[in-house]
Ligand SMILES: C[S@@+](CC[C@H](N)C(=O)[O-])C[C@H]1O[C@@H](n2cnc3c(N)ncnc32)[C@H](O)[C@@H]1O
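Take a look at this single chain, the form predicted on its own, given in structure tokens.
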């Protein structure tokens, strides 16, 4: 038996329960079209796309207990490390036609796939750029409600901070998936996570929630936060 329910109070996110297994889904902004290997499911008058937590750290964070999702219809979002657009596409579903998703990706190979996704989804703007230099894409990106960062680099927290200084609204939120092994393979992940949290706090952010992402991905922590001045 398949049961489909709205997930918590997360706008545009559904939970599919089948044979004891939980799967997330979003309402497909482009009905009939897939982005990766997701399943399309007819539900009432809409089409849902299953959201794979093994391929999306945001989906993993939601299933592992994210208490608030600061993404809703009409939201503007700067996504750092958009890759080929898997997670971006689900965010695109949620923000809808009135929303805006600025997708920054450094790899020419990955952005080719991302552009294909963006051609179908007019609320997504692909930006080929190095997120370490946020001023270089200022003509393309405006102020945003959320900065989402998934860049497996040693300075990923600094990259987030530098982008927030230019693009995050005073009331905006941040989300970052920190990969311990991308920062230092010689230190325990717990020590790395502690150092990254302290760095963000020193730069003016309050971490609202910390979420480990096992069993979906190892040696990661997902942080949800906001500027201290907005809380």
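Residue numbers count along the first chain shown, from 1. This is a predicted model, so every value here is computed, not measured.
What comes next is about the form predicted together with the ligand, which does not appear here.
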In the predicted bound form, which of the stretches 118 to 126, 68 to 76, 138 to 146, 100 to 108 has residues with heavy atoms within 4.5 Å of the ligand?
100 to 108
Can you check whether residue 157 is within 4.5 Å of the ligand in the predicted bound form, heavy atom basis?
no
Consider residue 161 of the chain shown here, and say whether it contacts the ligand in the predicted bound form, taking contact as heavy atoms within 4.5 Å.
no
Contact test in the predicted bound form: residue 150 vs the ligand, heavy atoms, 4.5 Å
yes
Consider residue 132 of the chain shown here, and say whether it contacts the ligand in the predicted bound form, taking contact as heavy atoms within 4.5 Å.
yes
Position in contact with the ligand when the complex is considered in the predicted bound form, options 34, 55, 169, 206, heavy atoms within 4.5 Å:
55
Does any residue in 79 to 97 get within 4.5 Å of the ligand in the predicted bound form, counting heavy atoms only, and if so which ones?
79, 81, 82, 83, 86, 87
